[in-house]
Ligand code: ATP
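Coming up is one lone chain in structure tokens, specifically the form predicted alone.
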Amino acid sequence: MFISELEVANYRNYGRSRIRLDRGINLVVGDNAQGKSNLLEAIYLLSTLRSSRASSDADLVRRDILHTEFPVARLATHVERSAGNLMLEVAIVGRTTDASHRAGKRVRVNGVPRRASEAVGQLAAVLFTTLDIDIAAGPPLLRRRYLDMMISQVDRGYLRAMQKYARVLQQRNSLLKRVQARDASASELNFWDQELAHSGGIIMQARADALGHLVPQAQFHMDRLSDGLETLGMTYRPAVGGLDEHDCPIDETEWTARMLRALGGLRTREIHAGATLIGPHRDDVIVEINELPADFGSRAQQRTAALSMRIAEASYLRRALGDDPVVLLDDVLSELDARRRRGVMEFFDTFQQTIVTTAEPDRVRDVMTRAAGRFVVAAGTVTRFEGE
């Protein structure tokens, strides 16, 4: 799939911009703080309905209109894909003093209003940023998010399970606090244990399945990008207690049963803590470089590991969809040496569309000469550049 047209209005530092993108490589050049990252964030939001950086929707609305009567940012895109062409629109409503104006996102697919969960993955995308190094060496939350954002684009059942799990987890934690305060009976936890374990089983099975594809792909690309000098290990560590690498449940039913047993065994501790101590919200993926924890590796090794994980993500989406995701490279190529940069682009040359941003065009001259479309971003305005 590829984006043929993108419209951005009142989003971040953008007033209104409409650009026609090309198949193949599109290079976006601009100084720092001009809107390059915001542009790729907008495309990724159209794919996942979640910002890759903002903590709230209000952060996405252009500041100049935040205090107007109806502050709204709008994103729209035309997508050509094997499953049928697509018009996708997202309106992001900021905070307003009018009670009839509900803050949040409004989504239309081919002109028809849809729930956000129905629009996720209609446009598939994989986003590489300079912060990706933390996927390999940062906290577990980032690796869970890596899996969640990827799997949600191809599996709506997974997305629904995550949404339900979050709601049940909140209810169960609230009940645990009430039981701790002796305002409720511990027997009331039985229902919520069943609900949590059922959704948790779906999530853990999907994560295990996804990693079955991701790990060999990431290992292959780590070897390729490092000329065989570095190895990458990725091991799923589901937070259900008592599992090791040789003890992995084979289906959702078994994951659910394991989680129920673990919840039963921890009930006293959880009541004392007033919180749920196990489950997918505490999962991790252990990343190793040359058989040592990734945080022992050099910055260059961590960067290559994270890059290999993102390339594996693109491969996973391609296989699951039967179509290419749109690849978004946000100022990451200029940080790579020429050999690694060439290795990355050789892989993405096989995808229908790759959008690359850079503040240093001289460092990616080889990409510029091959780009089908070249653009300049300045102060939130995008223009096509036709020169040399």
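Since we're looking at a predicted model, the values are computed, not measured. The numbering used is simple: start at 1 and walk along the sequence shown.
As for the form predicted together with ligand ATP, it is not shown, yet the points below apply to it.
- Checking Leu60, Val332, Leu45, Val344 for any heavy atom within 4.5 Å of ligand ATP in the predicted bound form turns up a single hit: Leu60.
- Interface residue among Asp31, Asp349, Glu69, Asp337, judged by heavy atoms within 4.5 Å of ligand ATP in the predicted bound form: Asp31.
- Contact annotation: Asn13 falls within 4.5 Å of ligand ATP in the predicted bound form, judged by heavy atom distances.
- Ligand ATP is not shown here, but in the predicted bound form it comes within 4.5 Å of a heavy atom of Asn38.
- In the predicted bound form, at least one heavy atom of Arg53 sits within 4.5 Å of ligand ATP.
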